[in-house]
Every structure is written in structure tokens, then in C-alpha cells.
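Take a look at this single chain in C-alpha cells; it is the form predicted on its own.
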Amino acid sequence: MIDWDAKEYGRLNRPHLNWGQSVLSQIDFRGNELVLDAGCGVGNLTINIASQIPNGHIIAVDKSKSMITEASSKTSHLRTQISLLRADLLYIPIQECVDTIFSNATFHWIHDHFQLFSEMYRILRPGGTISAQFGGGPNIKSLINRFCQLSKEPEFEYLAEQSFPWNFRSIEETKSCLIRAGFIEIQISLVEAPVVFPDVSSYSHFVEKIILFPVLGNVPDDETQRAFLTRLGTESLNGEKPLTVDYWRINILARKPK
């Protein structure tokens, strides 16, 4: 299993952090909830949640060992308020008890969204809410198209059969999964959220560390990988929207019936 470069992710993930803060703003915290941070990453937003629930507790879950290690370091001063758990979000080893589920930039890494939302439903108490954002619709479509086009060239042919790990569902598919899982009062939207970079180097570095890191394992050496990433950046520079990562985010807010 390819794991994240957690420190680099924490340094570069400003767009994801901003979106997560926007999702948090739609949650009306009382201050004493038990919250599940589903896909906590390096813990930046976990700390934000902790500041809003001074009498509550957070179960921060991530599947990545490096993310949990980094989050443990960042949240060490909040040990009594935050419990860290390394687990698959499809099978979380806790019982029905959570008041609120928050998730930022995580669900598009999970292929079975019905099982995912069923598991979220299971661990919520009656009347509990889920608030999340994740990639959906035409998310990074231009980047994927550019990747596939370059992989046809002899120099990069080892990437031609590469499968992608993401699951970018439509609003309709996402809502259907939420309804089937049992959620009500569903609010859902698809929002364009492009991120523009100042030069090829910063664009290529972001794409490598934040987006494409799981699919570069077949690259035979560092030099070839750098050449491929530079070509991606150059092609983007000459494209319709230069040096832009074409992010699209699905935002959801839903409730478990009482």
C-alpha cells in the first residue's frame, strides 16, 4: 500500500483546509458533542473542531499510518479531547454513539459509497448529522485527460494501463446512496473550486504530492517521474485554463432520523 507523505500534505493542502473550514461553518456545534472526524489527515481541522466543542470529544479516524502519526504529533496537547484511530471508514470499530460526523476531502478515495454512508449511518446516534465535502462530478477531469494522453507516448507507456483510485460520483448518485442508507433532510451541492498555480514547478509539485502520488508507483525512476510531471505542467500551461487544477467538490449535509 502506498502511503501519503503526511508532512508534505500538511504543508501543501491549503485548498483542502479552506474547503474543510467552510464545511465546518455549516455545523451548529453545542460545545459538548462527540464528533467523528472521518479522514482526519494530519489533524489541522481536528484541532479546529476541538476549539468549538470545549466540553466534547473527537474520534479522529484515518486509514493512513503516516497521517495518524503526524496527527498524533500535532494534537498531542489535546490528548484528553481527541482520540486517534487508524481504521478503514467502511468498517469503523465503534458503536452507535456519535452526534456529528465531519469529513473533508476523503470520501472520493472510497469506492463503495453505499457501504460508506451505511457505516456513517450506523455509528450516528438518532438525530445525528453528517457534514462532508469531497471530490465529485467532473473533478480533475482535465488533469486525468492530460495524464491519459501523455501515457500514450512511448516514454511514458508504463502508465498507459494505470487505474485511478478515486470515485467521483455525481450529485444524483451521492443522494441516492444517502437515501438508501437511511438519511433524511439531505442538502447536497456540486461546486466548482479551481486552484491556480503561479508556475509549472509549483503546479507539478502539488499534482505529484496531493493528487497523483498513488498512481506513480509504476514510474521506473525519479528522473522519468520528474520528466512526466514537468510535461503535465507544461501541457497545462499551454491549455485552456493554464496551471489550473480543475477541482469540483460535492458538499453534503444530512441527518439520521430520531
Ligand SMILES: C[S@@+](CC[C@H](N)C(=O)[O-])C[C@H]1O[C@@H](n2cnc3c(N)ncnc32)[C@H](O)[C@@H]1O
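One rule holds for the numbers: they count along the sequence shown, beginning at 1. Nothing here was measured: the structure is a model prediction, and the numbers come from that model.
Separately, the form predicted together with the ligand exists; it is not shown, and the next lines address it.
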{"query": "Check all three, Ile53, Gln81 and Val98, heavy atom within 4.5 Å of the ligand in the predicted bound form", "finding": "no"}
{"query": "Selected contact from Thr75, Thr106, Asn139, Thr174, since only one has a non-hydrogen atom within 4.5 angstroms of the ligand in the predicted bound form", "finding": "Thr106"}
{"query": "Listed residue (Ala87, Leu150, Ala181, Ile188) with a non-hydrogen atom within 4.5 angstroms of the ligand in the predicted bound form", "finding": "Ala87"}
{"query": "Interface stretch in the predicted bound form with the ligand - options 223-231, 200-208, 26-34, 39-47, non-hydrogen atom within 4.5 Å", "finding": "39-47"}
{"query": "is_contact(Arg14, the ligand) in the predicted bound form, heavy atom dist at most 4.5 Å", "finding": "yes"}
{"query": "Proximity of Ile110 to the ligand in the predicted bound form, heavy atoms at 4.5 Å", "finding": "yes"}
{"query": "His57, heavy atom within 4.5 angstroms of the ligand in the predicted bound form", "finding": "no"}
{"query": "Interface membership of Tyr9, the ligand in the predicted bound form, 4.5 Å heavy atom rule", "finding": "yes"}
{"query": "Within 4.5 Å of the ligand in the predicted bound form: residues from 42-72 (heavy atom criterion)", "finding": "Leu45, Asp62, Lys63, Ser64, Met67"}
